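As a starting point, one isolated chain is supplied in structure tokens, in the form predicted on its own.
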């Protein structure tokens, strides 16, 4: 019996890709194990959005080679694989397989070559119109499932490696997406999350010709589903029709993740983001004008080359103007092959760290105020698990807020949708009483 171990780094797209890779391995007769030490095949599905994630992969490869490497096959998948290509064999000679996500459809034949003694097996072509789907997908969560609707990216932001690591945008046919949504609902999943690097750039390749708003609306009408989420949206392709769909259908979660990256139009232009501050705030107005209370989260990069103190001040003021419910914030990290490398005005890391700390403290205060306003409100919570340390169940609201609560009995509540009244609020989570 062949055994495998896979470790995943990065975003929800990588997590779901790993679920599909696992499905491919199961179909080939492999069995999953809990550690690299037990495995015959060790795979790392990698992220290269930031340098630290990339270095962590090579560190892990060396660690496992030293501790458990005898007689094992090693493979590197995903963004670092695509970015570094055959250079990985030079840095880690014990690796046999290097495969980018655009070549995952070739995994069965690549694995066959590795199993037959092949060394330096690669799948690195970005020339494909296919998306990666498998007959078997091993879902890691029994209640919430990811569903990829579009892969790749055509936006070419100055700081981003995704176009170089995942290729151009490729959308699945709408009926394929909806058929999988129906299968998931029939299998008992309560929630699905539609995924894409730019999910709202979706363009149906079938004769139906749907845009993302139409696909989202149809997914929200899948019998049996309690919730439908989506991530990540690009502001350029975000339309009022998406808000209209959320307004019409309570199955569509009232949460939008809309990365802004900077509050300065000058910096946005240098980033090649294809919108201005004013364009972004127009989209915020659409969201805030909804009949439902739609939560808004975003991504922000501080210290992009050429960002002045005035530019940074515009980002801080955008926090107040937009009223984000949560922010994922990062220091700019130079990535290979990206246009930002050639820009002037690279900012020292200590200064980037100073700006990041200021931004995070400003946003923390905003989140404390916004979460406190929810005290007394009853929220439906999809229960995700139990925290033995606190004696509380952990759930997530439709607005994607974490809400912790205690239950009087010891029944298993995971997967249930329950009403919980908010009694306390912190910057990052809520506490409540089960009704």
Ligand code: 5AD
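Numbering follows the first chain given and starts at 1. This structure is a prediction, so every number in the text was calculated from the model and none was measured.
Here the subject shifts to the form predicted in complex with this ligand, a form of this protein not shown in this document.
*Asks:* Under a 4.5 angstroms heavy atom criterion, identify the one residue in 263, 75, 259, 220 near this ligand in the predicted bound form.
*Replies:* Of the listed residues, the single hit is 259.
*Asks:* Only one of 332, 189, 146, 324 gets a heavy atom within 4.5 Å of this ligand in the predicted bound form. Which one?
*Replies:* By the 4.5 Å criterion, the partner-contacting residue is 332.
*Asks:* Looking at 203-211, 332-340, 109-117, 283-291, which stretch has residues with any non-hydrogen atom within 4.5 Å of this ligand in the predicted bound form?
*Replies:* Answer to the contact question: 332-340.
*Asks:* Taking 4.5 angstroms as the cut-off for heavy atoms, does residue 57 touch this ligand in the predicted bound form?
*Replies:* No, no contact at 4.5 Å.
*Asks:* Whether residue 312 contacts this ligand in the predicted bound form should be assessed with a 4.5 Å heavy atom distance threshold; does it?
*Replies:* Taking the distances in the predicted bound form, the answer for residue 312 is no, it never comes within 4.5 Å of this ligand.
*Asks:* Do residue 159 and this ligand come within 4.5 Å of each other in the predicted bound form, heavy atoms counted?
*Replies:* Contact with this ligand, yes.
*Asks:* Please tell me whether any heavy atom belonging to residue 175 falls inside 4.5 Å of a heavy atom of this ligand, as the geometry stands in the predicted bound form.
*Replies:* Judged by the heavy-atom cut-off of 4.5 Å, residue 175 is well away from this ligand in the predicted bound form.
*Asks:* Though the partner is not shown here, which residues of 17-50 have a heavy atom within 4.5 Å of this ligand in the predicted bound form?
*Replies:* Counting only heavy atoms within 4.5 Å of this ligand in the predicted bound form, the contacting residues of 17-50 are 49, 50.
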